[in-house]
Ligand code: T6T
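One chain comes next, on its own, written out as structure tokens in the form predicted on its own.
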Amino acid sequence: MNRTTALTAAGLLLVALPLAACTSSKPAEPAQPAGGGATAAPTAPAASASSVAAPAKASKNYNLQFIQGVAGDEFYITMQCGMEAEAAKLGVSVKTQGAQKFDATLQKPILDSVVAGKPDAILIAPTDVTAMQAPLNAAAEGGTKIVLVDTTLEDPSIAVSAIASDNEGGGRAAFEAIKQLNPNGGKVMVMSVNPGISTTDLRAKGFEDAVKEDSTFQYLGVQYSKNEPAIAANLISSALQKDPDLVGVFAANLFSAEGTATGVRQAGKQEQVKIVSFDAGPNQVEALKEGTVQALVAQQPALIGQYGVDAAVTALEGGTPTPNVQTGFEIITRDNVDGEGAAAIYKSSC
């Protein structure tokens, strides 16, 4: 079951949120993304768990290829670090590459090149649930094991495992944080990436559903930054001109948060607009310490990477990985960022 974070008025506490093993925490019906015309987020495979057992040392040095959602993103760098550490333990090799933007038209050529090298397994964060379906279908049909990490596909059944955060639960937790920071309610919105991305669509949905359950808040909808901080800054500036009484923004990923924080700071609205962000990169942590961002919903990308390697090696050794694995998240605030929250901060390099 999803569990939202308990947040106190005195300060948010660091909370790890593991999911109950062997229970599905996905909605029974496909989740609809916030925003008209966007691709529906896919239904997760039936079997679900919050952790996986590490396989024994691999019988050979398998060739694993990791294709990031975007290169240079600390979230994916931290995931890479988790993969490399686990690969070293199991005696396999993993190589990482990614496009410079979170864009299926840029990711597909990288995938095609990787597939041509006939790797044993591909671990990938698909940049679009629809556009990446056919090329990954072809890779799977060619005998390469596919592991989906972070994001997913319309039909994830072609993968031996799909591993991601509890994104919908994280969106709900983000609203609870904003609610504690704005006990009198008010206008709130989401700054996301693009419609059709499974993870951020679910985060927005979790936030929107939670807002609509509280009549003291007014939901202004979701805007899309195209994963560009400058666009997010412009969008939040325009939003503040239209709704100068905006009290809260949920930034659904690292770059959306960076731009939102910049726009709020430029507008001089740091005291009024409370920002809760998904992800915990160095720039977001700096914004948190400065007080521009009030809380971070940190995923566990290193664990996603570790589990991804475990799933790939299990499948290559003839085993059956858990089809769907969801990791938890942690809340970081100024109160714990230099203490126990520090371990949840993403890395810039391995």
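A residue's number is simply how far along the shown sequence it sits, counting from 1. What you see is a predicted model; the values in this text were computed from it and never measured.
Just so it is clear, the following notes concern the form predicted together with ligand T6T, a form of the same protein that is not shown.
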### Message
Just checking whether L254 would be counted as a contact of ligand T6T in the predicted bound form - the rule being heavy atoms within 4.5 angstroms.
### Response
yes
### Message
Just checking whether S225 would be counted as a contact of ligand T6T in the predicted bound form - the rule being heavy atoms within 4.5 angstroms.
### Response
no
#### Entry: F102 within 4.5 Å of ligand T6T in the predicted bound form, heavy atoms
yes
### Message
Residue-level question: is D150 within 4.5 Å of ligand T6T in the predicted bound form, judged on heavy atoms?
### Response
yes
### Task
Report the stretch among 73 to 81, 184 to 192, 235 to 243, 261 to 269 that approaches ligand T6T in the predicted bound form to within 4.5 Å, counting heavy atoms only.
73 to 81
### Summary
Assert contact residue (ligand T6T, in the predicted bound form, non-hydrogen atom within 4.5 Å, options E168, E86, D279, E208) equals D279
### Task
Taking only heavy atoms into account, state which residues of 335 to 350 are within 4.5 Å of ligand T6T in the predicted bound form, ordered by sequence.
none
